[in-house]
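Presented as structure tokens, the chain that follows is alone, the form predicted alone.
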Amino acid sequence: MSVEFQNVVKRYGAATAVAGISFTVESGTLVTLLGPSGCGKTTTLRMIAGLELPSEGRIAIAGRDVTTLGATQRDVSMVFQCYALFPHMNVLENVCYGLRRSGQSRDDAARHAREGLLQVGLKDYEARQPSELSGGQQQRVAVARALVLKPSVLLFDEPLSNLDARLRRQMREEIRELQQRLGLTVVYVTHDQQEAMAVSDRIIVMNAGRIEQQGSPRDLYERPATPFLARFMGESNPARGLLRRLDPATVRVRLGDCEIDVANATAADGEATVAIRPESIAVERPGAAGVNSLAGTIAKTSYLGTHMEYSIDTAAGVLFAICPHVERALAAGEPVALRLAPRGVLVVEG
């Protein structure tokens, strides 16, 4: 079932938390609301759930206007950041809770709860207490409790923030697989860019209560429309370059003594801000990168096991680079030559 926001505003007194946003979540898709703390993403999610009502605008779910309806009048379920499991109930009783509140008999609720636990891989955990479960298992119980209500829309509010890095990766894969297998309409809130890119069909990036940009993960990473997006969606190095248009689809960017041709259909000739992705910088010894390279000097170096991280002084500014060649690490003070991959150089502001 679809979710639609039309010019929705949310105010708390004189403060505006959400400032006139419009978007649509298509049925059967997973859309993530992404942004820094205080950007309005959780307030937006709570307005979908009916836990907050908008100050202005219209909200529709499955084509039905729900703008003024409370949480119990909307066909949605939410998985909270803290999971909110009842500590005095076992797993089966926790999953049954919403079903019993909706009027199902004890036997019917237990049957549907067992089906929900089977869907999330917890078939044999019915009698356990929440305190006997790992963080990932508790999260699955919370998902099962939401799923058994068969909502039109399933909402996730920072569901993985309490888990360690390895378990977060596993759980985001499981959430995505479950959403696709069941054809669920999901709205997902996170501040973690990698998490958003891993689970989403589409990402809506919010900043200061407004939508900064929305699109597929690839669109937002490779074609950020604003300097904020270029900084927020992954690491990037801001630099000033000189642009010259070569044809309707390509501009030549000059950074120091280096010139690079990048895809861009809108930028005008002249000075502009560009963003350079760290992984697109090949760090070579002088002479090894060819004549069209950017000269630099290693300022700082860090060994991270799988790769090296370098801060490099150049004519375009200090650039942060990620290098996979840990077997030939460079030391601070060494001269280097940088090759820039066109795909990783983005014109973000004229």
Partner chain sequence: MISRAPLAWSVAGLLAAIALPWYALQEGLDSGAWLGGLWSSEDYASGLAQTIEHGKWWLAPVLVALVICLATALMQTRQRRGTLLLIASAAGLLLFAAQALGIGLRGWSTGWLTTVFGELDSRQVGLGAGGAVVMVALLSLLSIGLALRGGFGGDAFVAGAVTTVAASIVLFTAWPILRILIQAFQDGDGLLAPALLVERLATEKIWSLRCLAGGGRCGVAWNTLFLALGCGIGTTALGLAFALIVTRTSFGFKKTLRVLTVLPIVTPPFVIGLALILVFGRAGVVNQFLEWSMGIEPTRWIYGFQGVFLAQLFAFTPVAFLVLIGVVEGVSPTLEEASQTLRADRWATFTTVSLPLMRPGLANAFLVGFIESIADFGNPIVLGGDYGVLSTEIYFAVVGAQLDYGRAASLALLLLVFALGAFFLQRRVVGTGSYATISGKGDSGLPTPLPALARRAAAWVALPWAAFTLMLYGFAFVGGLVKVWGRDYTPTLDHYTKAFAVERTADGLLWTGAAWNSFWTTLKLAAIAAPLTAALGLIAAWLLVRQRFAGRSALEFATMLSFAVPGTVIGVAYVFAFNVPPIEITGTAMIIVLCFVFRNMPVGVRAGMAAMSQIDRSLDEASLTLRGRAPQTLVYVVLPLLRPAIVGALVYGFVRAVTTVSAVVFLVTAEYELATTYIILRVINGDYGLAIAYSCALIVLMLAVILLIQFAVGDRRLGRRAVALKGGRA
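The structure presented is a predicted model; accordingly, all values stated were derived computationally and were not measured. For clarity, a rigid core is taken as the largest C-alpha set superposing within 1.5 Å between two forms. Numbering follows the first chain given and starts at 1.
In what follows, reference is made to the form predicted in complex with the partner chain, a form of this protein that is not presented.
Taking the partner from elsewhere, no residue among Phe156, Met171 and Tyr221 has a non-hydrogen atom within 4.5 angstroms of the partner chain in the model of the complex.
Interface residue among Leu246, Leu118, Ala268, Ala84 relative to the partner chain in the model of the complex, by the heavy atom within 4.5 Å criterion: Ala84. Only one of Arg202, His112, Arg277, Arg74 comes within 4.5 Å of the partner chain in the model of the complex through a heavy atom, and that residue is Arg74.
Segments offered: 31-39, 44-52, 321-329, 298-306. Contacting the partner chain in the model of the complex at heavy atom distances within 4.5 Å is 44-52.
The partner chain is not shown here, and in the model of the complex it never comes within 4.5 Å of any heavy atom of Leu167. The partner chain is not shown here, but in the model of the complex it comes within 4.5 Å of a heavy atom of Gln129. The closest non-hydrogen atom of Thr68 lies within 4.5 Å of the partner chain in the model of the complex. Although the partner is absent here, Asp192 is not a contact residue: none of its heavy atoms lies within 4.5 angstroms of the partner chain in the model of the complex.
Along 90-112, a non-hydrogen atom within 4.5 Å of the partner chain in the model of the complex is carried by Glu93, Tyr97, Gly98, Arg101, Ser102, in order along the sequence. In the core-superposed comparison between this form and the one not shown, Asn90 has its Cα shifted by at least 2 Å.
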